[in-house]
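Presented below, as structure tokens, is a lone chain in the form predicted alone.
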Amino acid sequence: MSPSAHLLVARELTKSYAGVARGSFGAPRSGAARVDALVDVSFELAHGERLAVVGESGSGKSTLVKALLALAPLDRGRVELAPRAGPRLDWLALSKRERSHARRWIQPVFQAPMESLNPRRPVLASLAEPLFVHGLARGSEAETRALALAQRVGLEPETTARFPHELSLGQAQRACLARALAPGPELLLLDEPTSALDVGLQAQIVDLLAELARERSLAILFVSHDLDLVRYFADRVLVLERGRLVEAGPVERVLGAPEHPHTRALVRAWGAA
């Protein structure tokens, strides 16, 4: 695949945190240890591609999403973003102001929708805010476009007048998805977006994401522990172990005939669950 086909290119992403050094029987001792969250993680994401990230708890999945959003400063690494409708960007080297403007191309959806919405504002105001922030629409035009987005993700117009605490979890996650779509992104970063929902709602949200990805030619990078969801939704998968990328490739190959011991262990554990 040619470089021009890549929306996002990540190279040698490395991040560690200060930890607590342990002595005998796990007792803390003097001196700080470093905990590796990401170690030289490199990958590409094509326009319109769906890329899953899997691994056990503590493998670095959420840190990777935060790093790509520039919410967790890296020790080392480079990320290039090449939206079709915008200039090629050295994403992590942008100033805070520059990145604020460029965030329209890359939008997150997190796993706790109630915590992602402003509790003091009606849903419609939260949906219209990205349009205002990125200079895409104001006033009645922003409200009209926000209502159209709400309808597209399955929210009734009267729902948008409510406050977040008045919504069900499914409605709240749909609202978060509509807000992420508002500025016209080319990449969605999803961190366990269905884990807080029951099985029926999970299926509805996943099918909606698939429809929207096709309609808008969206690329999606999503973190999940659900290997059935990964098989259903993703084109390719990255497998992390203790911050290291240990296996990557098409979903059918990686999960159907895993080569790395850690991937084989994840597949066995999911099959036994």
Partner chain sequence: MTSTGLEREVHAALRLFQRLAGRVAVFFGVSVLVFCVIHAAPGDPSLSVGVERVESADAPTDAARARFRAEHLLDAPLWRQYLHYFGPFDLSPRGHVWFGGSGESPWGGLVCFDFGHEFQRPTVDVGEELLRRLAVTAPLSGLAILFAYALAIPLGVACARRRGSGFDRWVSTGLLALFSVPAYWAALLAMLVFGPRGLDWLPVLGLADKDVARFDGFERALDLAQHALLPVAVLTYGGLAYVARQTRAAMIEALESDYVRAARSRGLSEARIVWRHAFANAVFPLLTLAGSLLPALVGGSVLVESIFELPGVGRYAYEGFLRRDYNVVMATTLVSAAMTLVGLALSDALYARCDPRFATEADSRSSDSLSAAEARRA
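Residue numbers count along the first chain shown, from 1. Keep in mind the model is a prediction, meaning the values are calculated, not measured.
The discussion below concerns the form predicted in complex with the partner chain, not included here.
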For the interface check, one of 196-204, 136-144, 121-129, 80-88 should have non-hydrogen atoms within 4.5 Å of the partner chain in the predicted complex; which one? 121-129
Can any non-hydrogen atom of Q151 be found within 4.5 angstroms of the partner chain in the predicted complex? no
Taking 4.5 angstroms as the cut-off for heavy atoms, does L177 touch the partner chain in the predicted complex? no
I'd like to check something about L69: if you look in the predicted complex, is any of its heavy atoms closer than or equal to 4.5 Å to a heavy atom of the partner chain? yes
Although the partner chain is absent from this view, report whether A112 comes within 4.5 Å of it in the predicted complex, heavy atoms only. yes
Looking in the predicted complex, the residues of 162-191 with a heavy atom no more than 4.5 Å from the partner chain, listed in order, are R162, F163, H165, E166, R179
